[in-house]
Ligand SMILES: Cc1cc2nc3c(=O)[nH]c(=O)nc-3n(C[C@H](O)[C@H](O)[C@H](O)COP(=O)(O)OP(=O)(O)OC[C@H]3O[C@@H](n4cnc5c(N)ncnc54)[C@H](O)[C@@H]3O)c2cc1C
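Take a look at this single chain, the form predicted on its own, given in structure tokens.
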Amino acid sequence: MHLAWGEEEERFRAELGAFLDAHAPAEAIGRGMEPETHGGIPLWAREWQATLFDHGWLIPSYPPELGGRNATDVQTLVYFEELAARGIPRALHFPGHAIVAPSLLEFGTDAQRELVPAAIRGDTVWCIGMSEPGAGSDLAAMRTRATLDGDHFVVNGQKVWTSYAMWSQMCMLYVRTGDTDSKARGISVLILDMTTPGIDIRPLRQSAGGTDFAEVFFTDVVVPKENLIGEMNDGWRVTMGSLAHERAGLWLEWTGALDHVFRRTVDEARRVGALEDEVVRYRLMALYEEVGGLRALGYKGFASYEKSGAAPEHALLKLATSELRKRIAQLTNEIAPSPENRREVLGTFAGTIGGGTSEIQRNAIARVLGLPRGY
């Protein structure tokens, strides 16, 4: 049996490859698929995202006016596969094209949808105001409140771990508009101009040394009523859609990033002569098998999605890839201790927290399997 893509998919891959050979900047090649926010968004990354949009390669499944070429699901999979193989990111800031745009296309008004092209192309940098000090994984516990006062909302509260807040022009802000104990039933979503008076952005320095996140305080911030996305107190649907958009198709990017991290570990082992150690070789082989197994699980999930529109296999991948990346980084630092490798280990802990902690992911998987919750 020979497993391979068909002629149409390979023509699509060849066209993409020719474009990448001609246009991908040197800074993008081989850097891995994960965004990097430390120090802001570099000019080359902004220009690269715009180039992808202008040539129809940013979101291939979208129409040309939204940075795509009406690609099929299988062609989109080939697209992610090729980018992952080359270690080329689409963008170093994902909220606009991965969360805001699909959310506005699904739930926004006609006026709000006019914001979509700039969000995808990267002309407008967005942040996502979800997590709070007491409402990270338990998003329904959020307390930042928006009170409707005539033709506008007044927002008071605090967000934390907000990526890109320091450089964003706009924010997709999740607020409580229902009763204090309304939980998921009382959440709404607002479009917020980050230059609005009353917003205080305070960067957070992490253990690895970067300032990739910020806490954001809101004091009597006025937001026009027409900036409400969807219906009032119906923001949970937007929230769940946003999280789904964030994760859809990312498994190839995650496993692609693992490939690059693993190859770096092998290079480090070779550099210090650790490949002569039989135990090190065995541990590297075991990690390599795990990376390949996760990639195969992703393809299985894609096949499930094509058949039924659901892919329970992908529920595991966020958990498994973030935990595996942490273990690969730990082995790298064990083999070749250095300040850079120690920072890499510290940085991997963020992947087990952001977008849903590993504990929350295990509960989600337990629900799919019909098992009891962990708490």
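Residue positions are given as counts along the sequence shown, with the first one as 1. Not measured: the values here are computed from a predicted model.
Another form exists, predicted together with this ligand; not displayed. Remarks below refer to it.
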item	value
124, 168 and 219 all contacting this ligand in the model of the complex, non-hydrogen atom within 4.5 Å	no
Distance check, residue 213 to this ligand in the model of the complex, heavy atom within 4.5 Å	yes
Residue 236: touches this ligand in the model of the complex, heavy atom cutoff 4.5 angstroms	no
4.5 Å heavy atom contact, residue 10 and this ligand in the model of the complex	no
This ligand contact at residue 21 in the model of the complex, heavy atom, 4.5 Å	no
Per-stretch contact check against this ligand in the model of the complex, the hit in 68-76, 184-192, 107-115, 160-168 (non-hydrogen atom, 4.5 angstroms)	160-168
Of 229, 258, 91, 128, the one that lies within 4.5 Å of this ligand in the model of the complex (heavy atoms)	128
Among the candidates 137, 156, 177, 304, the residue which, in the model of the complex, approaches this ligand to within 4.5 Å (heavy atoms)	137
